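Here you get one chain, nothing else, as C-alpha cells; it is the form predicted alone.
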Amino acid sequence: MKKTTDDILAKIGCKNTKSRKAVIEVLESAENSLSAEDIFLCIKEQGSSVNLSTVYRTLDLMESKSLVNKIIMGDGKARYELTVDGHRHHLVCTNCHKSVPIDFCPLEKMEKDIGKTNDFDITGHKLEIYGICPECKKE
C-alpha cells in the first residue's frame, strides 16, 4: 500500500504544510533525483506558490529525518530523492550526470562486519559509483 504525504510526514514527526506536501509529491512522481531548483520549478508549474528558500529548508529538514537522500553529482549540484522505501545507492554518469539507482545494497553485510569488528554503531552509509552510461558511450 502506497503511503500518503500525510502518512510520510506523520512518520517523521513533521507538521503537514503545503510546501512539504508539494515537495514530497514532486519527488514521488520523479523518475530521477531532482535538484532543489527542479523541485521549485515543478511546484510552480503545478500552479502552487512556494519560495526557493522554502524548498531548500524543506529538503534540509527531510534529509535530517532520513526522508530524502542528498546526492552530490559530478557537476557539484545536489539532487534529492525520496527514501520512504529505504536507502539507495547509485551509478552516476560522469558525462551527462544521469543517476541510476542500484536495486540492492552491496554494503549491508560489510556494514555489519565493520561495525562488529570495531564495536561501532553504524547509522548509515552512502555509495555512488561513477562511470559512463550506455547512452553516452554511444556518442
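Rigid core (definition): largest C-alpha set, two forms, superposition within 1.5 Å. Start at 1 with the first residue shown and count on from there. As the structure is a prediction and not an experimental result, all values here were calculated from the model.
Not on display, but discussed next: the form predicted in complex with another copy of the chain.
For this session: Report whether the minimum heavy atom distance between residue 8 and another copy of the chain in the model of the complex is within 4.5 Å.
Result: No - in the model of the complex, heavy atoms of residue 8 and another copy of the chain never come within 4.5 Å of each other.
Problem set entry | Contact flag, residue 125 vs another copy of the chain in the model of the complex, heavy atom cut 4.5 Å | Judged by the heavy-atom cut-off of 4.5 Å, residue 125 is in contact with another copy of the chain in the model of the complex.
Exercise. Would residue 78 sit within 4.5 Å of another copy of the chain in the model of the complex, counting heavy atoms only?
Worked result: Close contact is absent here: in the model of the complex, residue 78 is far from another copy of the chain, nothing within 4.5 Å, heavy atoms only.
Problem set entry | 4.5 Å heavy atom contact, residue 106 and another copy of the chain in the model of the complex | Close contact exists here: in the model of the complex, residue 106 approaches another copy of the chain to within 4.5 Å, heavy atoms only.
Exercise. Just one of 35-43, 53-61, 108-116, 22-30 has heavy atoms within 4.5 Å of another copy of the chain in the model of the complex; which?
Worked result: Going through the listed ranges, the match is 108-116.
Exercise. Going by another copy of the chain in the model of the complex, which residues of 43-57 come within 4.5 Å of it through any heavy atom?
Worked result: Stretch hits: zero.
Exercise. Just checking, between the shown form and the other one and with the core aligned, does residue 112 shift 2 Å or more at the CA?
Worked result: Comparing the forms between the shown form and the other one, which are aligned on their rigid core, residue 112 does shift its C-alpha by 2 Å or more.
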